[in-house]
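To begin, one chain is listed below as C-alpha cells, in the form predicted alone.
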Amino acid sequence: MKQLNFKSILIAITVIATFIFNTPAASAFCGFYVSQADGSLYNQASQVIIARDGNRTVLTMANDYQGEPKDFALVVPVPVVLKQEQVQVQTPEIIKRIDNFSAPRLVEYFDDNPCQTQRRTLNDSAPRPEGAQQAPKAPPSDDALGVTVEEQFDVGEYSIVILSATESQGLETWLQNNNYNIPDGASELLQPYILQNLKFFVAKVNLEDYNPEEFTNLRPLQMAYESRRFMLPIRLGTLNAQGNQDLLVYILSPKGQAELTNYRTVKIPSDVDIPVYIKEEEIFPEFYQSMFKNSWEEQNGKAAFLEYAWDMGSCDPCSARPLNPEELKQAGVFWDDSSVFITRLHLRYNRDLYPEDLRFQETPNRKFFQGRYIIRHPYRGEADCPEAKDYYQKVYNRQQRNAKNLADLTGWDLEEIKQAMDFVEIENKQSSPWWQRIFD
C-alpha cells in the first residue's frame, strides 16, 4: 500500500473551548507584503481551527501523520457523545488558507529621493495598526474493561467510535485489543479525562474503503458540538512526541480575542526594522524560526505567543487574500460571516513544560495585532543635493540599528550580520561634523 506523506504518529490534540470576541473597525497602514512565516516552518506542528460562538463549537484538526494507513490512530477527549451527523472530513486546503492569512509577515518600504521636495521623512516609523500490536487471543469483554461503545460510524476514510470509560488501564487495553496503534503507557494520561467524565473520539483508517489514489493525505476531521468547557487538552499529544511540539491554534469568533488563564499569553516581537538582506537572501523563514526560539527561551517556554489578531474581512498588509464566505463555512463559521475575528496562538510545548491542559478566557481586548517585520530600502539613485548628505548618514545609522535589532531578536552574531549587509557609502557623500565620530 502506498505510504502516506505525513510527519509523525499522532495520538491526540483537541480543543474544547469557548471564545467570545468583538470586531473593531479596520486600521490601515501602508506597506508591501513580501513573505510570511507559516505552519510549514515547523517539523512537528499540530494545527487546530476553532470556530466558536456561545456554547457552540466547530473544531477542525489537521493530522500530521506519517506512515502506513493501518498504523494510524487518533484518540481525542470530547465533552459529549458525538453522532455521525456531527462529524465530517474537510479539505486540507482550508487549514493552509487560515494559516497563510494569519502568518507573521515581512513587509518592505522604499525611501524616496532625498532631493525631492515632497519626500517621506526617513526616521518616521511606518504607520502601525491601531490596536492594531496484536490483540490477545482471548481479550476481556468491554464490560470487564469498563469501556462502553456509545457510537460507531464511518466518515470519509475514517472508522470512528465514541467511547466512555470508567478506568484508564481498561481503556488502554480496549484500544490495543481493537488494533488501535497507540503507545504503551497511555493510561496515565487518559485517567484525568475519565475523571472529568469526558468521552473519547477514536479514529482509524477504514482500510476497506481507503483509496490511496484518490487522496494521499488523510484529510482533517471536523466536528460540531455544544459545551460550556473552555479548555484545550494537549497532554495526550505528548505521548509519542520526540522533543518539543509546535501547536498553532486559529480561533474564529464573531466578537474578539482570547488568552490563556493558566499560562501567559504574550505578543510575539513585532514592528521591528531588520536588514534588507533578510529578503534578498530569502532567509525570512530562518529568521522567524530563530526569533521564535529566542523569544520562547526568554519566556522559559511557558507562554503562548499571539501572532495575529484581526478582523477576517480585511488585512493590511495582506499575506493572503481574506477568506470568502464558502471558505469561512469550510473553516467552521456557522454564524453570519460578516463578523469573523481571528486569534492565532502559537505554543511550543512538551510534557514537562505544560503539566496542565490549556484553559482559556475571553478578554475585552479588541485591538488588532500582527507579527510584522520591516525592511526599508535606501534610495540608490543619483542624489547630489545638500539634503542627501544628512540622508546617507541617517541611512547608515539606521542600518547599524537594524543589524543590532536582528542580533537581539535571533541571537545571531552581530559581526556576521554586518558582513552580510550592504551598507551605504557615506565617505564621499558628505563630510561629517568633527564631533559626530565620538557622539555616535
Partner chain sequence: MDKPFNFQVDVRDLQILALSLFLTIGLTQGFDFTIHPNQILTAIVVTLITQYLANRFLKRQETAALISRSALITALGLSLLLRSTSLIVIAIAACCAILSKFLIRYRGKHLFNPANFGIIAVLCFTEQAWISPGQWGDSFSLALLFVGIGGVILSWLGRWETTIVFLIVYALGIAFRNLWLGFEVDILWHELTSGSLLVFAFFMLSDPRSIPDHPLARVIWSSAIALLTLILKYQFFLATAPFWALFFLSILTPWLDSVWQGKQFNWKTTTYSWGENNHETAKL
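Residue numbers count along the first chain shown, from 1. These figures come from a predicted structure and were not determined experimentally.
We do not show the form predicted together with its partner chain, though everything after this point is about it.
Among the residues Glu226, Glu167, Asp71, Glu356, the one placing a heavy atom within 4.5 Å of its partner chain in the predicted bound form is Glu356. Residue-level contacts in the predicted bound form: of Pro183, Pro192, Pro322, Pro92, one residue has a heavy atom within 4.5 Å of its partner chain, and it is Pro192. Looking at its partner chain in the predicted bound form, residues Leu260, Gln299 and Asn365 each place a heavy atom within 4.5 Å of it. Listed stretches are 105-113, 81-89, 192-200, 333-341; the contact stretch with its partner chain in the predicted bound form is 192-200, by a heavy atom cutoff of 4.5 Å. By the criterion of a heavy atom within 4.5 Å, Gln361 is counted among the residues contacting its partner chain in the predicted bound form. Its partner chain is not drawn, but in the predicted bound form it has no heavy atom within 4.5 Å of Cys318. Using a 4.5 Å cutoff between non-hydrogen atoms, Lys267 counts as a contact of its partner chain in the predicted bound form.
A residue is said to contact a partner when one of its heavy atoms sits within 4.5 Å of a partner heavy atom; Lys329 fails this definition for its partner chain in the predicted bound form, lying far away.
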